[in-house]
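You are given structure tokens for the same protein chain in two forms, set apart as structure 1 and structure 2.
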Structure 1
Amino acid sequence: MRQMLFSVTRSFVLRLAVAALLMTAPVHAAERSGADHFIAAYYPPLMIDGETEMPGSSIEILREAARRLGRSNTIEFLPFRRALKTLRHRDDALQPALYRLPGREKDYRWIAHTHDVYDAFHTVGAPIDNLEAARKLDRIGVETDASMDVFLTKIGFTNIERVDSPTTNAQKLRAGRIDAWALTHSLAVWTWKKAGIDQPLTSGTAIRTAPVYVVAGLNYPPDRVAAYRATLRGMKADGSIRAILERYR
């Protein structure tokens, strides 16, 4: 009886071991394949959902870095706030573009700087060239948790209206539902054009310049951080990043 019980127990343990091996096999296969998951938010011309030929300058930059490293990739577009939250909790994910701001410093691995952009207030009338003039407006449109939302909130602006899409703010500005739109200049111009709005967009003087980085969550492996950092710096040095950015100007 004892021998029979031992035999049954050993058989059961072996079956459990095989089942566990089968369950982990896809994970190991993914690791061997060298796959990364890119998490993006619709932020043209840096990241453009639904475009294959022109997916966004920052997506093209990161894909080229992955190609040089021999790593495959998938891409997922999420609303901006959800994209940041998802990135922080995954150990295989990269974001092609994020502005490096003091409030974000401790939450991500800042892999490599690719270029700079500038933020401004955009209107359909007279330009708003400084923060003092902007404070006097009734309604300023921003995207939730985007850089201008973070910046204006930090310096005490209370006349902010938040939405999840730059396209929504473009339509609100055209309809007169906001007085100004606070956003990166290149994104505002791109969104306005793609929305087919026939009114001219007025962009004020640059409020500030922001550095754009490729980032990962804190759990992303340090050796891969180093590999991507070296590759992206090489792309900057050989002019590859500049050439990609020029296609989107």
Structure 2
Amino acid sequence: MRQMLFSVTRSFVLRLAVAALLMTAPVHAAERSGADHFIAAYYPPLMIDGETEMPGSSIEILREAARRLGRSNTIEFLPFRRALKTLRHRDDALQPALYRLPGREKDYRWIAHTHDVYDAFHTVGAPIDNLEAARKLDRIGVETDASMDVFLTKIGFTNIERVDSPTTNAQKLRAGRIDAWALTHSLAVWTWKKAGIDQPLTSGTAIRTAPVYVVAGLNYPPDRVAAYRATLRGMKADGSIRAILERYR
């Protein structure tokens, strides 16, 4: 009995010590040369703020890479623009996911390609597989200033209804208030599922495709860029990335 009590007490003290170390770990890790700071922006299912079990596929990929490199890391979620700008101004920061677009090419170090995402029209009925079919629809839901909003407006779409949140468009689609929902496929699926809608979501074929990269600021140390690039390529090769992505489909 006495031995059992001693064992429980020792276990509790050890847990407290571990917890204290974990709480102070980011600070200490950041001060060490083997620590990296991940800057993320909310973009499910790639980067999900507030989720510990499912923090986002890109975050899990980068964390796995860091783990394989033996580096510790901390994550900071920021608004998208602030995240990008912060990344540019820091020497120790990495961003788990960013579409590689021509306009961004010179501002970052594109460390490694992890996977591609594509934009499509989503419906609850017949799929919309091309732009011409979409033009004939009465109402297409987009998020204000999102890439699809910009893209469709640029190519002359006028049947666009804008809202602030993808969840709103999901609900509108379910209720039949819009005919199609233009969004990145993975984000649409994740939002539909998150909204708890039982109806099946029909996704059309890709309208646009974008490559997703792990990026860093221009001053991020080249040796570490090389290390992460090699590790991520290894993960791609060994199917680790694919496995992670599958969990978020």
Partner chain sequence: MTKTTTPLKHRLSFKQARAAVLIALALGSLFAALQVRYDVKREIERINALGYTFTQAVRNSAARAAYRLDPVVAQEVVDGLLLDSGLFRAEIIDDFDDRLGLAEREVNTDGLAWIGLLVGSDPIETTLPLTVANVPAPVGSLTVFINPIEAAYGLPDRVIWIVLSGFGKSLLLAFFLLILFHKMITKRLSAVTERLFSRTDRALSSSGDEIDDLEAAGSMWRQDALALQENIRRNEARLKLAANAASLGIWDYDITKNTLYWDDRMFRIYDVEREHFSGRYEDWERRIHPEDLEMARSLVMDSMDEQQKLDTIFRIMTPSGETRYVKADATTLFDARGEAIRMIGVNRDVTDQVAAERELIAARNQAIAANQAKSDFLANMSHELRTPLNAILGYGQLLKLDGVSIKPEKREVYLDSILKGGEHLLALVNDILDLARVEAGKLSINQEVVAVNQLVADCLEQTYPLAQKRGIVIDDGITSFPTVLIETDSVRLRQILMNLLSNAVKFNVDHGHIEIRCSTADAGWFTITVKDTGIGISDDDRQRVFDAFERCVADPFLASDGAGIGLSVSQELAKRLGGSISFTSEIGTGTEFRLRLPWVGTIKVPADETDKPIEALATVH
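Numbering for residues begins at 1 and runs along the sequence of structure 1. Nothing here was measured: the structure is a model prediction, and the numbers come from that model. Basically, rigid core = biggest C-alpha set you can superpose within 1.5 Å across the two forms.
Both panels show the same chain in isolation, but it is structure 2 that comes from the form predicted in complex with its partner chain. For residue 71, a C-alpha deviation below 2 angstroms is recorded between structure 1 and structure 2 after rigid-core alignment. The Cα position of residue 102 differs by less than 2 Å between structure 1 and structure 2 after fitting on the rigid core. Relative to the larger rigid part, the smaller one is rotated between structure 1 and structure 2 by 29°, as taken from C-alpha superpositions. On core superposition, residue 130 has its C-alpha offset by 5.8 angstrom between structure 1 and structure 2. If you overlay the core, the Cα of residue 163 moves by 9.0 Å between structure 1 and structure 2.
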